[in-house]
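First comes one chain, alone, set out as structure tokens in the form predicted alone.
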């Protein structure tokens, strides 16, 4: 019991924060929002996977990645490939020149399914690929960089360049990836229609429970010896290296873990929204994911979720009211948070929220004591009268 309470929930404060977030996502929002808005929140929660991954990688590991959109997109494309193949059966595509292949392949005059698409006809392989392919890609990048002690701003710029390269590659290979439009018209998952209202509700809750699972696993990692080493590497990397630890291997490991978490969010995004395109792979979405983590608090797993919800709500509101200025407003928000609230919403709560809560509790205790004193005096008066 202590293991679950301390290691998985983070003690009393962690358990309370986890419970409040669960009530908000699982009870208050589903009851208070219509299906359209709830589906938007579900889309925001898929971004929260990437924000949580950045808490591990950036907040605790000290490694800033500006290319998390790459792993988010890889996971999303893996799921989209399976769904697109299911929607492209010979009966549904009989009007094409080559029935049985996705429509964009037929438009680009492909006459057979590419070899690397064929395994995605299996749901089991797809679920494995969602995790394994981004993890392998992250391992290649991490091994190439960290073993050569490339870090800091140089690593951030390289990951940003990789995000740009990946976007150009996806757009350029239109016949294999759907190009700028991405993979669209996704209908069913193993025969289950993911477009109707009941399916959207179910996917919302599946998405939420998976996010909570990721938070618990991440908290377990951070409360372990490995988590303490991450903090030590972030603050005094040379001292950890001189102590005999292989710093590069630890960085590679946490980079791979963060890639897998982001990819899982991408896969859920494809299911929740019904398409995947290169607009979720490039530089802009990757930077936005960093903003989510920064606003929520790059040292707080729960805060990263709140930051994601808040920023995306603001993004929707700004883009509806100020379509030409919302990017500047988003940039200003990020600069303000970094300058004045470096620990984000979680830092504000740690600094001020707990004090307010403590004052409220003290006032309640004082009032309770006053009530007890009054009751005692009243009982004494009744005794004297008798």
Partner chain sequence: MGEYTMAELTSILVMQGFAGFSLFSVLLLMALGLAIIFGQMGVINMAHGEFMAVGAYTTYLLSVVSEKYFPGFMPYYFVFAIIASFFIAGFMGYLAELALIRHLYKRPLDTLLATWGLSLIMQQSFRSIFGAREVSPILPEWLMGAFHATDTIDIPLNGIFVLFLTIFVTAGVYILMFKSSWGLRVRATTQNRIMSGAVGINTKKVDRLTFALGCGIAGVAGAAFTTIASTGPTTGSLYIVDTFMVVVFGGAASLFGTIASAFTIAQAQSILEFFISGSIAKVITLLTIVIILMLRPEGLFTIKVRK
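Quick caveat, the model's predicted, so the values are computed rather than measured. Numbering follows the first chain given and starts at 1.
The form predicted together with its partner chain exists for this protein as well; it is not shown, and the discussion that follows is about that form.
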Exercise. Should residue 165 be counted as a contact of its partner chain in the model of the complex, where contact means heavy atoms within 4.5 Å?
Worked result: yes
For this session: Using a 4.5 Å heavy atom cut-off, state whether residue 324 contacts its partner chain in the model of the complex.
Result: yes
Problem set entry | is_contact(residue 88, its partner chain) in the model of the complex, heavy atom dist at most 4.5 Å | no
Exercise. At the 4.5 Å heavy atom threshold, is residue 56 in contact with its partner chain in the model of the complex?
Worked result: no
Problem set entry | Within 4.5 Å of its partner chain in the model of the complex, all of 62, 160 and 339 (non-hydrogen atom) | yes
Problem set entry | Options 276-284, 88-96, 310-318, 114-122; stretch whose heavy atom lies within 4.5 Å of its partner chain in the model of the complex | 276-284
Seminar exercise, completed: Of 206, 128, 136, 150, the only residue with a heavy atom within 4.5 Å of its partner chain in the model of the complex is 150
Exercise. Which of 180, 132, 217, 169 has a heavy atom within 4.5 Å of its partner chain in the model of the complex?
Worked result: 169
For this session: For the heavy atom contacts within 4.5 Å of its partner chain in the model of the complex, list the residues of 300-336 involved, in sequence order.
Result: 324, 327, 328, 330, 331, 332, 334, 335
